[in-house]
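As structure tokens, one chain now follows by itself in the form predicted on its own.
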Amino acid sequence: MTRLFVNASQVVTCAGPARARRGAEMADAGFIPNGAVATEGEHIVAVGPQVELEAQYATAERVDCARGVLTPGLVDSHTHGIFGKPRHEEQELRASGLGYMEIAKRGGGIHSSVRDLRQRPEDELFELATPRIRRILAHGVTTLELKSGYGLSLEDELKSLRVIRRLQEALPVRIVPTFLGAHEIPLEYRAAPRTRDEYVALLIHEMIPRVAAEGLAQFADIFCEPGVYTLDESRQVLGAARAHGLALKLHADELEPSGAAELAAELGATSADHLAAISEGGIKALAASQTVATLLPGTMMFLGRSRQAPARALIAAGAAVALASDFNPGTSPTVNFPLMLTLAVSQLHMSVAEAVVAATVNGAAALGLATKTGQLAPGFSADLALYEIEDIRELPYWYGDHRCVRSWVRGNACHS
């Protein structure tokens, strides 16, 4: 079926090379006033001024955009959506002065979610995740990464990844699964008779081979941070993941500089995420690599941190910068991805065009999907989002508001 999306006040195309955008490229989001988009089945076939496309596709089914703004579907390339209970009590602990690592040492943080997830059956986790993901989609997200990482045992990580597979089959969204068994060192491997070395060996010799053999993940991720996984451990785990055919991601330099961004560049990771504490050397390494720098401003805001990732320095150096929500129960419990654009402009000092590119084209690149989605251009997937605004600059301006009225993925309704 051919559809023609008409009556948009503005079409934001992000059209250009099918790769991550860098430097000055990020300032060009491709605005077409009174534009239109034609789709055929799962793909876009034409984008341009409405008057031209109406003559070319006179018999197409019309989709009235009601003077809203049409954009590529947003790509949220870093989320932790498979969990049980929320961790609202930790927000109050942080307000009293306790830090992230101190809460973790007391058995909170990730460990709290691990205890909770382990005692929940797969069906319950699926039922909890489904409405959360639907709320994410309601904000214009059409491609979503989902990580495991709250199981930290072979069976519980497999359980989480099976939930993600079920969500892929059940929901109208493109979901990319990531194995994050190296989210933390489980408490039971922190004291005799078990050791952290044994858990690293479990990751390398049992978990990764099993995940790969069952085709449950496209990526492997690790939390490379002082107090969590060392550089050497990260290199071992990611090396094993690559040997089993998984692409690589890193939680890198979130709280302290550790050389994780440099490691990501060295290993050719698809993305290095967080980066609030990245060093000058890390910025240079990412700029000289194909690794996408994925920034998660909602996390630093929710943690009450004054320091955000240095987006301007990364862009100036020539790194490819993406945005993601880091949706998780402890440090970024938000389903509102457009809010990340607000934070990108107000906290990271990015332009609206840079933020939009970071949330679409570069988010797709952070998932290895830059040739498929992230832009409105012929040949790309018909992934679109329609917002009740007249100018794209309103999307980050109306912060926290819900402005997405409809979205489509592969030409099919995703949210309406």
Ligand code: NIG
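No experiment lies behind these values; they were computed from the predicted model shown. Heads up: residue numbers just count along the shown sequence, starting at 1.
A second form of this protein, the form predicted in complex with this ligand, is not displayed here; the remarks below concern that form.
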Open item on the list: I need the one stretch from 322 to 330, 284 to 292, 151 to 159, 201 to 209 whose residues put non-hydrogen atoms within 4.5 angstroms of this ligand in the predicted complex.
Closed with: 322 to 330
Open item on the list: Is H78 part of the interface with this ligand in the predicted complex - any heavy atom within 4.5 Å?
Closed with: yes
Open item on the list: in the predicted complex, does R165 come within 4.5 Å of this ligand, counting heavy atoms only?
Closed with: no
Open item on the list: How about T299 - does it come within 4.5 Å of this ligand in the predicted complex, if we only consider non-hydrogen atoms?
Closed with: yes
Open item on the list: Does any part of E262 reach within 4.5 Å of this ligand in the predicted complex? Heavy atoms only, please.
Closed with: no
Open item on the list: If the cut-off is 4.5 angstroms on heavy atoms, which of these, I110, V173, L125, L248, is the one near this ligand in the predicted complex?
Closed with: I110
Open item on the list: At 4.5 Å by heavy atoms, is each residue in H139, F337 and R410 next to this ligand in the predicted complex?
Closed with: no
- [ ] Using the arrangement in the predicted complex, list in sequence order the residues of 87 to 102 with any heavy atom within 4.5 angstroms of this ligand.
- [x] R87, Y100
